[in-house]
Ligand SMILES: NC(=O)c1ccc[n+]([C@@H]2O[C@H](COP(=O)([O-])OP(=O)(O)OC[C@H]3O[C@@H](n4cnc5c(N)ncnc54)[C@H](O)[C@@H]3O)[C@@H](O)[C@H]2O)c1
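Starting off, we have a lone chain in the form predicted alone, written out as structure tokens.
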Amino acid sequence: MYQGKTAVISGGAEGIGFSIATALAEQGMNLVLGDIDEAKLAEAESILHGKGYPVLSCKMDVTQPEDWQNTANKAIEKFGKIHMVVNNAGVASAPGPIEKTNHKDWQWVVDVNLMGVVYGAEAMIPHIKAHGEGGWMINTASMAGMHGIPYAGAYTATKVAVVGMSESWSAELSKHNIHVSVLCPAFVQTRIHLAGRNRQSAYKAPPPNRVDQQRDDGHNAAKELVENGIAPEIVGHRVVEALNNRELYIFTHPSHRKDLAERAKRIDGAFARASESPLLQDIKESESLDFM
């Protein structure tokens, strides 16, 4: 199913992206790694080459559509076809209350986590459609895409959007035999709490308005949560397992099931109350939200 096919993976130089790349390479896929960190990209390419895997690395900023197009061109030039896009690159800004979130933080997170996925889909899906063999799109969201995270409005907003877009694209692309999955992990041992190391100059916020992830007592909650997360390697193998089962939602932390069940219960209760409202008794029932 995977042998000899080509996957383009953004944020592929480390963490979840690198784990997915390695797991796909074990299945016989060609790899195209895109990342903004040139040093980590070179390191990742060297490791994969050392294992005998076919790999191409491309420095890219996912907020730049032209970088996506350049990566697509290089992938086609080297491997002939593109069969999979993994929109994995993501960032998290420092947490903080609504009134202290800097607009530069919002723009950075939205442009990377949301528009980066949009640009990746726009660049790669036409190539996957072109050869008619079908393929895959995997979008990395988060458990934050399934239920809101306090003091992380920008991050939550983008991850909810990625889940919604993936659901939309799943219905849209199924007729082209392109399977869409959305990966929703909880905490994984990555360096996302240090995402600011690669923050582009256009998104730099003035220091007086920055919200520090570290408290006055020196405790860094984000760092602690990430470092206590699951190993990235688990995520890569879980993705392959889920693709084999053609799963839309890919979860890595079953312990969160009760949280989502409680959310579903609250939503169902809200519908029940709406159905009892005298204001809504004349509203016609619709067959489905799927109007296409």
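Predicted model only: the values in this text are computed from it and were never measured. Don't overthink the numbering: it's just position in the shown sequence, from 1.
Keep in mind the form predicted in complex with the ligand is missing from the figure; the text below concerns it.
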4.5 Å heavy atom contact, Glu45 to the ligand in the predicted bound form: no
Asn88, heavy atom within 4.5 angstroms of the ligand in the predicted bound form: yes
Contact test in the predicted bound form: Arg197 vs the ligand, heavy atoms, 4.5 Å: yes
Partner proximity in the predicted bound form: Pro185 to the ligand, non-hydrogen atom cutoff 4.5 Å: yes
The unique member of Ile128, Ala141, Met137, Ala154 whose heavy atoms fall within 4.5 Å of the ligand in the predicted bound form: Ala141
In the predicted bound form, the one of Met29, Val239, Ile36, Leu33 near the ligand [non-hydrogen atom within 4.5 angstroms]: Ile36
Within 4.5 Å of the ligand in the predicted bound form, all of Ile16, Val112 and Thr190 (non-hydrogen atom): yes
Candidate stretches 59-67, 242-250, 258-266, 46-54, one within 4.5 Å of the ligand in the predicted bound form by heavy atom: 59-67
